[in-house]
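Below sits a lone chain in structure tokens, taken as the form predicted alone.
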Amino acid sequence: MTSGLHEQTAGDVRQRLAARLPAGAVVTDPDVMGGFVHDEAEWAPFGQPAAVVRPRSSAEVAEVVSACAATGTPLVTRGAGTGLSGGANAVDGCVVLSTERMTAVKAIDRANQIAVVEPGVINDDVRRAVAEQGLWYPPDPASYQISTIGGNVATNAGGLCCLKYGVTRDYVLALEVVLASGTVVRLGSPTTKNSAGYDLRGLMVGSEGTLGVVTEVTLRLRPLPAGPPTTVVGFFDTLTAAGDAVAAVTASGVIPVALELLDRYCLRAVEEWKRMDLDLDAAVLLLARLDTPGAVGEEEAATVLRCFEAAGASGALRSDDEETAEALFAARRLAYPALERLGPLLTEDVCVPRTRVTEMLEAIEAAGARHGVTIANIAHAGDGNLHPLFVVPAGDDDARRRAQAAFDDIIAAAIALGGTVSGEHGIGLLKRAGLAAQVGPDVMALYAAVKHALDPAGILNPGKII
């Protein structure tokens, strides 16, 4: 973390912000600021800001960035604080810029299938607004009901549907961004195709606020799916068998909308919390959702069912009952908060080639056994994105050290399998060492060069990613 600014500098930036922003936009009450200093990443360090600002427009954001640039003050941009890597954590003496007041859906263009939104709008609010026009915004992170589009852009969020429909970057056509100098620029184009110049729009997606502050997002949309999806459920006695089923589906050529994994630990936590009458007999549950209509869709569902059975499922079934299917997928989305109720929760986010999911699941089990750590498993298994979850008793320093060692082992295993240290949560503070191990010094030097070109004073979200 960066050291605290001299109080005079902090006072200067507070004074400048108060003079240039509307009343109520600048918060300096320590008790109120305490709610803005960190995201949901367990054990990621955070500092104390000089001020929190809540702008309502890109012009006000530009004033904030200009004030920080003029005084050399670090600036940390924050959405809803639902991140899991420490990417939105404050550093000492910084200004935290909250987008919570920038919540407008500015335009929905049904003919061109695009929407223009501000960064603070909640993902689910966008989905519901465009659905009224017969349109669909597919990226659906588990936090879609509480996370913001700006935060989704910052981490290139994925979700359950990304196996078939892609991640946030695939749906960002254009951005309005305030650069480190305070200059407002527009990147990308609302057109379907755009090959004009460097793809700076793509560069901003996933940059976690280290290269600019996003103030407007133009999103690509799709037509709403024509009919209800089909769900295929598989019950497995081991993680290895479930991984083999995932590999079989991949080899079959069928691309489900979602192929999700939950183990018994997750299911039990959800059941104890919500009492959903879940079947807790199986060690692992696989959920496949398919939306191809007609005879082709029927054959795809039959193929997935055969893959589950051939991999050794203790039971497998197809369900066209939308209520039952929604309950199972609701359990998947509830797994993280259900486990979080049991104690401090450290979350992994590794992604491996789809054919190597079984090996990665075995590596996770081995890491847990080696370090004596209980690891729950949820995963977007169909795209190789696994989220091992470490539940650590509060105040147990030895358990925390063992969990961190298992965390590091899992990162190393993902890299060894040709994977990545982050599929959708971002790097933030928790994955910096893992990123360096994955890409190597030459690529890290490229990252540093890009950062210096766009933020030469290093004021934008310092200490994150690199």
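Predicted, not measured: the structure shown is a model, and the values here were computed from it. Residue numbers run from 1 along the displayed sequence.
Just so it is clear, the following notes concern the form predicted in complex with a further copy of the same chain, a form of the same protein that is not shown.
The partner is absent here, but in the predicted complex a heavy atom of N156, alone among T215, N123, T230, N156, sits within 4.5 Å of a further copy of the same chain. Proximity to a further copy of the same chain in the predicted complex, defined as a heavy atom within 4.5 Å, singles out one entry of T324, T374, Q145, T355, which is T355. In the predicted complex, every residue of the candidate spot (T191, L211 and D442) has a heavy atom lying within 4.5 Å of a further copy of the same chain.
Taking the partner from the other structure, a further copy of the same chain in the predicted complex has a heavy atom within 4.5 Å of a heavy atom of L454. Contact check for L435: a heavy atom falls within 4.5 Å of a further copy of the same chain in the predicted complex. For D263, no non-hydrogen atom is located within 4.5 Å of a further copy of the same chain in the predicted complex, even though that partner is not displayed. Although the partner is absent here, D279 lies well away from a further copy of the same chain in the predicted complex, with no heavy atom inside 4.5 Å. Partner proximity in the predicted complex, defined as non-hydrogen atoms within 4.5 angstroms of a further copy of the same chain, places exactly one of 71-79, 338-346, 97-105, 202-210 at the interface: 202-210. Residues P293, G294, V296 are the ones in 279-296 with at least one heavy atom within 4.5 Å of a further copy of the same chain in the predicted complex, listed in sequence order.
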